[in-house]
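Given as C-alpha cells, the chain that follows is alone and in the form predicted on its own.
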C-alpha cells in the first residue's frame, strides 16, 4: 500500500487507496440435513486518482503490478468525470469494538453442531422443510490518501439463519441470529418460527380492500428502501427525489424515527470511518416524522455544496463509492409481537415479500407480493394467504403507524422492529 501510494503520488494531484481482505467459513443444512461446507478468502485494492480536476479509478485482486494499476487508473481519467473535492485528513476517531477474538475459535464443526441443535429443536414438531445455515466472517478494510489519512478497521461477525418452509412453496417463516462471535439461536426466536408456522398452515381467503398490515422486521425494508433512495445525495443532486425540497418538513407519522448508527458497536459491522476515510457519525434521517438529513459521500457533497455525512461506501473494490446507508435503524417502540397482534385485531402480516423492487422506488410507490402473508383475526394468527399483495405509496402508508415493536432484529438493509400500519391496500386472488 505504501509503495503504491508513492508511485501514484508522482502522477496525480490526489490519491486514495482502499483495500479489503477477509476470510469466510459457512455451513448449510437443507431439510434438516447437512448440504454444504464452504470456505473462501478474498482480498483486493482500489486506486482512485484525481488529476487536473478529473477522476480515475481502477482495482486489482492483488498488488503484484502496482505500476499497471496506476496506468489503468490514469487511463480511466479520460472518461472526463469531474472531481473538485479534497480528500480528508482524518484522525482521532473513537475506538470501536468491532472485532471479537472469539470468532477465531469458531470452527465449521461447531457451526455444524449448532445447526444440528437447531434442527433437533424442531424435530417431531412440524412437517415443514427446515433449512438452517451459519457462517463466520473476519475482515479488514484500510483507507489511505495523499492528505495523510491512514485508517484501518478489523471486524468479525457470525450469523445463523433458520427458515421453516411451507409445503410446495418458497415461502417461509425465518429469523436471523447475529453477533460479533458465536451466539446460539435463542429459544424465543425458535419458538417464534415454530409457533407462527404451525399456526398459519391453514389457507384462508380474506376479503380484499384496505386493512391493517403488520410488516415484520424481515419485510419493512421494502418500504425503507424507498426512503433511502429518496434521501440519497445522488437522487437530490439529480433532482429526481420527491423529498428534495422537504428538509424540516413532516413526511411520515411522528411515531417513526429512522436513523443511521454506524458507531453502534453492539452489533457487527460498526464503522468509525467510511470507505473514503471520512469520519462516521450517527445521523437522523427522519426524526419523529420530520425529514432531518440527506446523506452524502464526498463527490455528491461537492456537487451539492454540502459536507460529506460519512456515507461513502462501496459494494466491494470493483466500483467507486456511492452515498449509502449501511447502518439503518428504525427506533423501536414499546409493543411486543403479541401486543401488536392484539392491537391489529384483524388484518394481514407481511411475513415475507417478493418483488420488493416493483413500483417507482424513487417516488415511494410499492406493489409487493406477500410470501407468505398471514391472516389475523381477534389478535390471533389463523392461517396463510396465498397469491396476495399489498400496494401504495410510503409517504401515505407511513402516515398511518399504529404501533412499533419493542425489539430490533437484523434484516435486509438494517436493523428493524415490526411496524403495524393502518389503511393499506390489500388484494388476494379469488
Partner chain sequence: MFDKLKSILAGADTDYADIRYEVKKETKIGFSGRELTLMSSSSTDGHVVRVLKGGGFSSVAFTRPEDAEKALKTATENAILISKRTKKPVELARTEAVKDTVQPVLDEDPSQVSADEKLALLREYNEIPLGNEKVATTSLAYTDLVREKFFVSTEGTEIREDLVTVRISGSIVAKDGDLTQTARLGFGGSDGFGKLRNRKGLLEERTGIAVDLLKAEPVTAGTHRVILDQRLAGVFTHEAFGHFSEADLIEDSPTMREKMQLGAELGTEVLSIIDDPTVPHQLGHYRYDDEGVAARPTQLMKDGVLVGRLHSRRTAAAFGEPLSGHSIAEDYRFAPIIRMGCIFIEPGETGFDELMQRLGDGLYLVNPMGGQTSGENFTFGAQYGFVVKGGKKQQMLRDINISGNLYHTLESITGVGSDLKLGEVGGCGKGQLNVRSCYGAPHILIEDVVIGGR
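For clarity, every value in this text was computed on a predicted model and none was experimentally measured. Numbering follows the first chain given and starts at 1.
Heads up, the form predicted in complex with its partner chain isn't pictured, but that's what we're talking about next.
- Look at 71-79, 85-93, 272-280, 288-296: in the predicted complex, residues with non-hydrogen atoms within 4.5 angstroms of its partner chain sit in 71-79.
- Among residues of the shown chain, residue 336 is not one whose heavy atoms approach its partner chain to within 4.5 Å in the predicted complex.
- Although the partner is absent here, residue 359 is a contact residue: one of its heavy atoms lies within 4.5 angstroms of its partner chain in the predicted complex.
- In the predicted complex, its partner chain lies farther than 4.5 Å from every heavy atom of residue 379.
- Although the partner is absent here, residue 398 lies well away from its partner chain in the predicted complex, with no heavy atom inside 4.5 Å.
- For the marked spot (108, 234 and 300), a heavy atom within 4.5 Å of its partner chain in the predicted complex is present in each of the three residues.
- Here is the short version: of 148, 184, 187, 167, the single residue with a heavy atom within 4.5 Å of its partner chain in the predicted complex is 167.
- Taking a 4.5 Å heavy atom cutoff to its partner chain in the predicted complex, the contact residue among 240, 201, 176, 304 is 240.
- Scanning 92-119 for heavy atoms within 4.5 Å of its partner chain in the predicted complex gives 108, 109, 112, 113, 116 in sequence order.
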